[in-house]
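Here's a solo chain for you in C-alpha coordinates, the form predicted alone.
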Amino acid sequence: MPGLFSPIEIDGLNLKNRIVMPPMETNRATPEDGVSDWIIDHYVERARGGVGLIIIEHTFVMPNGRFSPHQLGLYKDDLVSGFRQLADAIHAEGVPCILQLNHAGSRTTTDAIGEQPVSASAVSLPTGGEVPRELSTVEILEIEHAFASAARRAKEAGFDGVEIHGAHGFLLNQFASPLTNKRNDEYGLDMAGRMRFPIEVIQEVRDTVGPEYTLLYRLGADDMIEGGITIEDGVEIARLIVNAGIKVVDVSGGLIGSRPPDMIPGQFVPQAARIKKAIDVPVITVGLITTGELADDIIRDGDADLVAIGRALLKDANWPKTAATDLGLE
(Lines give C-alpha, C1' and ligand atoms only; values in the text may rest on other atoms or scores of the structure.)
Protein backbone atom coordinates (compact mmCIF):
# COMPACT_ATOMS: atom_id res chain seq x y z
CA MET A 1 0.00 0.00 0.00
CA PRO A 2 1.17 3.57 -0.60
CA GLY A 3 2.28 5.56 2.42
CA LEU A 4 2.34 9.19 3.48
CA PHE A 5 5.37 9.95 1.34
CA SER A 6 4.22 8.11 -1.79
CA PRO A 7 3.60 10.41 -4.76
CA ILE A 8 0.09 10.73 -6.13
CA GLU A 9 -1.62 12.27 -9.14
CA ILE A 10 -4.93 14.01 -8.54
CA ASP A 11 -6.79 15.23 -11.60
CA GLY A 12 -3.55 15.79 -13.49
CA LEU A 13 -1.65 17.42 -10.60
CA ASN A 14 1.48 15.55 -9.55
CA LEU A 15 2.06 15.66 -5.79
CA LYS A 16 5.33 14.48 -4.28
CA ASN A 17 3.58 13.18 -1.16
CA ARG A 18 0.15 12.87 0.48
CA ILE A 19 0.55 15.81 2.89
CA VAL A 20 -1.89 18.68 2.38
CA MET A 21 -1.78 22.07 4.04
CA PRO A 22 -5.51 22.73 4.57
CA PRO A 23 -7.10 26.18 4.36
CA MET A 24 -6.57 27.99 7.67
CA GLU A 25 -7.52 31.64 7.95
CA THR A 26 -4.64 33.96 8.85
CA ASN A 27 -6.60 37.26 8.94
CA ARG A 28 -3.59 38.98 7.38
CA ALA A 29 -5.09 40.41 4.17
CA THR A 30 -4.31 43.95 3.09
CA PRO A 31 -6.84 46.71 3.89
CA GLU A 32 -8.12 46.21 0.32
CA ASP A 33 -8.79 42.47 1.00
CA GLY A 34 -5.78 41.41 -1.08
CA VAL A 35 -2.68 39.29 -0.60
CA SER A 36 -0.10 40.78 1.77
CA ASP A 37 3.62 40.09 1.87
CA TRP A 38 3.07 38.34 5.21
CA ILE A 39 0.64 35.89 3.56
CA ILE A 40 3.09 35.13 0.75
CA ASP A 41 5.89 34.46 3.23
CA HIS A 42 3.58 32.29 5.35
CA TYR A 43 2.69 29.93 2.50
CA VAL A 44 6.15 29.88 0.93
CA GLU A 45 7.61 28.75 4.26
CA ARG A 46 5.23 25.76 4.32
CA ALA A 47 5.95 24.98 0.67
CA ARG A 48 9.66 24.85 1.48
CA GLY A 49 8.85 22.66 4.47
CA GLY A 50 7.87 19.82 2.16
CA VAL A 51 4.08 19.62 1.80
CA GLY A 52 2.65 18.01 -1.32
CA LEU A 53 -0.26 20.43 -1.80
CA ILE A 54 -1.33 23.78 -0.37
CA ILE A 55 -4.96 24.89 -0.15
CA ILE A 56 -5.11 28.63 0.48
CA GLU A 57 -7.40 29.90 3.23
CA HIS A 58 -11.06 30.65 2.54
CA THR A 59 -11.49 33.66 0.29
CA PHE A 60 -14.83 35.44 0.08
CA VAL A 61 -16.52 35.72 -3.31
CA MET A 62 -18.72 38.78 -2.66
CA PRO A 63 -18.79 41.49 0.02
CA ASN A 64 -21.74 40.13 2.01
CA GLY A 65 -19.95 36.77 2.17
CA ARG A 66 -17.08 38.12 4.24
CA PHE A 67 -16.41 36.21 7.45
CA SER A 68 -13.91 38.47 9.21
CA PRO A 69 -12.41 41.95 8.78
CA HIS A 70 -9.01 40.93 7.41
CA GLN A 71 -10.06 37.94 5.34
CA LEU A 72 -8.85 37.50 1.77
CA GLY A 73 -11.34 38.37 -0.96
CA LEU A 74 -11.41 37.75 -4.71
CA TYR A 75 -14.64 39.50 -5.65
CA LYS A 76 -13.20 41.94 -8.21
CA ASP A 77 -10.59 41.84 -10.96
CA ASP A 78 -8.35 44.39 -9.23
CA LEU A 79 -7.38 41.73 -6.69
CA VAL A 80 -6.05 39.20 -9.21
CA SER A 81 -2.48 40.54 -9.37
CA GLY A 82 -1.81 39.94 -5.68
CA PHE A 83 -3.12 36.39 -5.89
CA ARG A 84 -0.92 35.83 -8.94
CA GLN A 85 2.13 36.78 -6.85
CA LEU A 86 1.06 34.25 -4.22
CA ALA A 87 0.55 31.43 -6.71
CA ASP A 88 3.84 32.19 -8.47
CA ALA A 89 5.75 32.19 -5.17
CA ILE A 90 4.36 28.80 -4.14
CA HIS A 91 4.95 27.31 -7.60
CA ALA A 92 8.57 28.49 -7.43
CA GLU A 93 8.99 26.00 -4.57
CA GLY A 94 7.61 23.18 -6.73
CA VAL A 95 4.28 22.82 -4.90
CA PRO A 96 0.80 22.93 -6.52
CA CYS A 97 -1.72 25.28 -4.89
CA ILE A 98 -5.49 25.48 -4.72
CA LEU A 99 -7.59 28.49 -3.66
CA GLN A 100 -10.60 27.91 -1.41
CA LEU A 101 -13.67 30.01 -2.24
CA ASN A 102 -16.37 30.73 0.32
CA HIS A 103 -19.46 32.68 1.32
CA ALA A 104 -19.96 32.92 5.07
CA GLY A 105 -23.75 33.17 5.02
CA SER A 106 -25.02 33.53 8.59
CA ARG A 107 -21.63 32.77 10.12
CA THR A 108 -20.68 36.40 9.62
CA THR A 109 -22.01 39.41 11.57
CA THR A 110 -23.68 42.71 10.81
CA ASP A 111 -20.56 44.44 12.13
CA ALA A 112 -18.37 42.59 9.61
CA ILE A 113 -20.46 43.24 6.49
CA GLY A 114 -22.58 46.29 7.33
CA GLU A 115 -25.90 44.51 6.79
CA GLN A 116 -27.92 41.59 8.10
CA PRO A 117 -26.28 38.24 7.28
CA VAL A 118 -28.05 35.97 4.79
CA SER A 119 -28.75 32.24 4.71
CA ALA A 120 -31.01 29.55 3.32
CA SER A 121 -33.67 30.45 5.90
CA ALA A 122 -34.20 32.94 8.70
CA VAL A 123 -32.80 30.44 11.19
CA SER A 124 -29.70 31.01 13.31
CA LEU A 125 -26.99 28.39 13.49
CA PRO A 126 -27.35 25.83 16.29
CA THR A 127 -23.92 26.96 17.46
CA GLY A 128 -25.21 30.53 17.88
CA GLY A 129 -25.04 33.84 16.04
CA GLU A 130 -27.43 36.34 14.49
CA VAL A 131 -30.73 35.41 12.89
CA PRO A 132 -30.09 35.80 9.14
CA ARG A 133 -32.32 37.01 6.33
CA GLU A 134 -33.60 34.35 3.91
CA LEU A 135 -32.09 34.64 0.43
CA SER A 136 -34.37 35.17 -2.56
CA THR A 137 -34.02 33.04 -5.68
CA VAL A 138 -32.51 36.00 -7.53
CA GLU A 139 -29.91 36.45 -4.78
CA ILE A 140 -29.05 32.75 -4.88
CA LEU A 141 -28.29 33.04 -8.58
CA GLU A 142 -26.14 36.13 -7.93
CA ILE A 143 -24.07 34.18 -5.40
CA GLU A 144 -23.64 31.32 -7.86
CA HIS A 145 -22.30 33.82 -10.38
CA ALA A 146 -19.99 35.30 -7.74
CA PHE A 147 -18.46 31.88 -7.06
CA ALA A 148 -17.93 31.34 -10.79
CA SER A 149 -16.38 34.80 -11.29
CA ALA A 150 -14.02 34.27 -8.34
CA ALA A 151 -13.01 30.88 -9.80
CA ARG A 152 -12.25 32.56 -13.13
CA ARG A 153 -10.04 35.07 -11.32
CA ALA A 154 -8.26 32.26 -9.45
CA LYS A 155 -7.54 30.52 -12.73
CA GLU A 156 -6.26 33.78 -14.24
CA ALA A 157 -4.00 34.20 -11.18
CA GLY A 158 -2.39 30.83 -11.89
CA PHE A 159 -3.86 28.59 -9.18
CA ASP A 160 -4.00 24.91 -10.09
CA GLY A 161 -7.62 24.67 -9.01
CA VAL A 162 -10.24 25.93 -6.59
CA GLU A 163 -11.94 24.37 -3.59
CA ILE A 164 -15.60 25.22 -2.99
CA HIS A 165 -16.28 25.48 0.75
CA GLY A 166 -19.32 23.46 1.77
CA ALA A 167 -18.44 22.74 5.39
CA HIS A 168 -18.04 24.26 8.88
CA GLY A 169 -21.44 25.95 8.95
CA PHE A 170 -20.79 28.33 6.06
CA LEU A 171 -23.42 29.17 3.44
CA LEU A 172 -23.37 26.06 1.26
CA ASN A 173 -23.40 23.90 4.39
CA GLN A 174 -26.34 25.97 5.68
CA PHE A 175 -28.30 25.08 2.54
CA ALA A 176 -27.38 21.40 2.77
CA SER A 177 -28.35 20.92 6.43
CA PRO A 178 -31.98 20.38 7.46
CA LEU A 179 -31.22 22.28 10.68
CA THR A 180 -30.68 25.56 8.83
CA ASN A 181 -32.63 25.05 5.60
CA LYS A 182 -36.38 25.29 6.22
CA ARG A 183 -37.28 26.48 2.70
CA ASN A 184 -40.43 25.31 0.94
CA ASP A 185 -39.25 26.05 -2.61
CA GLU A 186 -36.96 24.22 -5.03
CA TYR A 187 -33.96 24.99 -2.77
CA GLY A 188 -35.36 23.11 0.21
CA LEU A 189 -37.78 20.38 1.33
CA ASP A 190 -35.54 17.31 0.79
CA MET A 191 -31.94 16.33 0.11
CA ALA A 192 -32.24 17.06 -3.62
CA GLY A 193 -33.68 20.49 -2.90
CA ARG A 194 -31.22 21.39 -0.13
CA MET A 195 -28.31 20.41 -2.38
CA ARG A 196 -29.63 22.25 -5.43
CA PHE A 197 -27.75 25.46 -4.60
CA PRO A 198 -24.37 23.78 -3.91
CA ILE A 199 -24.75 21.70 -7.07
CA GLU A 200 -25.58 24.77 -9.15
CA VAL A 201 -22.50 26.51 -7.72
CA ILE A 202 -20.35 23.56 -8.80
CA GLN A 203 -21.91 23.49 -12.25
CA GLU A 204 -21.53 27.22 -12.89
CA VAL A 205 -17.93 27.14 -11.68
CA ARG A 206 -17.24 24.14 -13.91
CA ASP A 207 -18.84 25.85 -16.93
CA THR A 208 -16.72 28.96 -16.28
CA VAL A 209 -13.28 27.40 -15.74
CA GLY A 210 -13.64 24.51 -18.20
CA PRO A 211 -13.59 20.73 -17.95
CA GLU A 212 -9.85 20.36 -17.28
CA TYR A 213 -9.55 22.70 -14.29
CA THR A 214 -9.29 20.96 -10.92
CA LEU A 215 -12.28 21.38 -8.60
CA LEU A 216 -12.27 20.33 -4.96
CA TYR A 217 -15.15 20.50 -2.49
CA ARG A 218 -14.77 20.80 1.27
CA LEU A 219 -17.61 18.62 2.44
CA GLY A 220 -19.32 19.00 5.78
CA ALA A 221 -19.96 15.29 5.92
CA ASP A 222 -21.44 15.15 9.41
CA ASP A 223 -23.12 17.96 11.38
CA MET A 224 -22.65 15.91 14.57
CA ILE A 225 -25.79 17.62 15.90
CA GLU A 226 -29.13 15.85 16.35
CA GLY A 227 -31.39 16.45 13.38
CA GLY A 228 -28.57 17.54 11.11
CA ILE A 229 -26.55 15.91 8.35
CA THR A 230 -25.42 12.39 9.26
CA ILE A 231 -22.57 10.45 7.72
CA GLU A 232 -25.16 8.53 5.69
CA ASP A 233 -26.27 11.87 4.27
CA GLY A 234 -22.62 12.79 3.77
CA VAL A 235 -22.08 9.75 1.58
CA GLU A 236 -25.10 10.70 -0.54
CA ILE A 237 -23.89 14.29 -0.83
CA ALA A 238 -20.43 13.09 -1.86
CA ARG A 239 -21.96 11.11 -4.72
CA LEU A 240 -23.99 14.15 -5.82
CA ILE A 241 -21.05 16.54 -5.91
CA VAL A 242 -18.81 14.08 -7.75
CA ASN A 243 -21.53 13.58 -10.36
CA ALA A 244 -21.67 17.39 -10.69
CA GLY A 245 -17.96 17.64 -11.52
CA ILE A 246 -15.94 17.61 -8.29
CA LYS A 247 -12.60 15.82 -8.70
CA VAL A 248 -11.37 15.72 -5.07
CA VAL A 249 -13.52 15.54 -1.91
CA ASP A 250 -12.04 17.17 1.20
CA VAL A 251 -13.94 15.65 4.14
CA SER A 252 -14.48 17.65 7.33
CA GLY A 253 -17.20 18.61 9.80
CA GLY A 254 -20.53 20.23 9.05
CA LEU A 255 -22.36 22.69 11.30
CA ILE A 256 -20.25 21.47 14.25
CA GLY A 257 -17.23 23.10 12.57
CA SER A 258 -13.66 21.92 12.22
CA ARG A 259 -13.04 21.42 15.96
CA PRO A 260 -15.97 19.74 17.71
CA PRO A 261 -15.97 19.36 21.51
CA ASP A 262 -13.92 16.45 22.83
CA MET A 263 -12.03 16.25 19.55
CA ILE A 264 -9.81 13.19 19.14
CA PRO A 265 -6.82 12.54 16.82
CA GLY A 266 -8.14 11.60 13.39
CA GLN A 267 -11.56 13.10 14.19
CA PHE A 268 -12.96 12.94 10.65
CA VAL A 269 -11.11 9.86 9.42
CA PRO A 270 -14.12 7.51 9.88
CA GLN A 271 -16.27 9.83 7.76
CA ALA A 272 -13.58 10.05 5.06
CA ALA A 273 -13.23 6.26 5.01
CA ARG A 274 -16.98 5.82 4.51
CA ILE A 275 -17.01 8.33 1.69
CA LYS A 276 -13.90 6.93 0.02
CA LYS A 277 -15.65 3.58 -0.36
CA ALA A 278 -18.59 5.25 -2.12
CA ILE A 279 -16.86 7.44 -4.73
CA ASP A 280 -14.09 7.06 -7.29
CA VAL A 281 -12.19 10.33 -6.79
CA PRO A 282 -9.43 11.08 -4.24
CA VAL A 283 -10.44 11.87 -0.66
CA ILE A 284 -8.67 14.16 1.82
CA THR A 285 -9.11 13.67 5.56
CA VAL A 286 -8.37 16.00 8.48
CA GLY A 287 -8.83 16.37 12.21
CA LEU A 288 -6.10 16.73 14.87
CA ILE A 289 -3.58 14.66 12.92
CA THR A 290 -0.25 15.66 14.44
CA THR A 291 2.11 12.68 14.08
CA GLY A 292 3.69 11.11 11.05
CA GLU A 293 2.78 7.68 12.35
CA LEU A 294 -0.96 8.44 12.45
CA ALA A 295 -0.89 10.16 9.05
CA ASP A 296 1.01 7.26 7.49
CA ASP A 297 -1.36 4.69 9.01
CA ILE A 298 -4.37 6.52 7.56
CA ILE A 299 -2.93 6.28 4.05
CA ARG A 300 -1.71 2.69 4.40
CA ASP A 301 -5.06 1.57 5.83
CA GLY A 302 -6.80 3.01 2.77
CA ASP A 303 -8.99 5.37 4.81
CA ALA A 304 -8.04 8.39 2.66
CA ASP A 305 -5.78 9.29 -0.24
CA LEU A 306 -4.34 12.44 1.32
CA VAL A 307 -4.01 13.79 4.86
CA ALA A 308 -4.44 17.44 5.82
CA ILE A 309 -2.11 18.64 8.56
CA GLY A 310 -3.43 21.89 10.02
CA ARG A 311 -2.33 23.34 13.32
CA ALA A 312 0.76 21.15 13.46
CA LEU A 313 1.94 22.89 10.27
CA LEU A 314 1.23 26.28 11.80
CA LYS A 315 3.48 25.36 14.70
CA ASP A 316 6.19 23.72 12.56
CA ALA A 317 6.54 24.67 8.89
CA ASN A 318 8.96 21.75 8.51
CA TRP A 319 6.46 19.18 9.83
CA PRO A 320 6.82 16.93 6.74
CA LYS A 321 10.56 16.62 7.34
CA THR A 322 9.95 15.88 11.02
CA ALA A 323 7.39 13.23 10.09
CA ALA A 324 9.74 11.63 7.60
CA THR A 325 12.46 11.39 10.24
CA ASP A 326 10.02 9.86 12.72
CA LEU A 327 9.10 7.25 10.09
CA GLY A 328 12.74 6.46 9.39
CA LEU A 329 12.68 7.99 5.89
CA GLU A 330 15.02 10.36 4.11
Ligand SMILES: Cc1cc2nc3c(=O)[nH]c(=O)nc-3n(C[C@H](O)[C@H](O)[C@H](O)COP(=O)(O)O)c2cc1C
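As the structure is a computational prediction, the values presented were derived from the model and not from experiment. Numbering starts at 1 and runs along the sequence shown.
Quick note: we don't show the form predicted together with the named molecule, though the next part is all about it.
Contact residue in the predicted bound form, from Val61, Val286, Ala29, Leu53 (heavy atom within 4.5 Å of the named molecule): For this set of options, the contacting one is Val286.
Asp33, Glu57, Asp303, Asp296 - the one with a heavy atom within 4.5 Å of the named molecule in the predicted bound form: Only one option qualifies, and that one is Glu57.
Close approach of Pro23 to the named molecule in the predicted bound form, 4.5 Å, heavy atom: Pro23 belongs to the contact set for the named molecule.
4.5 Å heavy atom contact, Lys16 to the named molecule in the predicted bound form: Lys16 lies outside the contact set for the named molecule.
Contact of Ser258 with the named molecule in the predicted bound form (heavy atom, 4.5 Å): Although the named molecule is absent here, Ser258 would touch it in the predicted bound form, with heavy atoms inside 4.5 Å.
Partner contact for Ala308 in the predicted bound form: the named molecule, 4.5 angstroms, heavy atom: Because a heavy atom of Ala308 falls inside 4.5 Å of the named molecule in the predicted bound form, the answer is yes.
Output flag, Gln100, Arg218 and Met263 jointly within 4.5 Å of the named molecule in the predicted bound form, heavy atom basis: Contact check passed for all of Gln100, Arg218 and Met263.
Segment assignment from 144-152, 160-168, 88-96, 116-124: heavy atom within 4.5 Å of the named molecule in the predicted bound form: One stretch meets the cut-off, namely 160-168.
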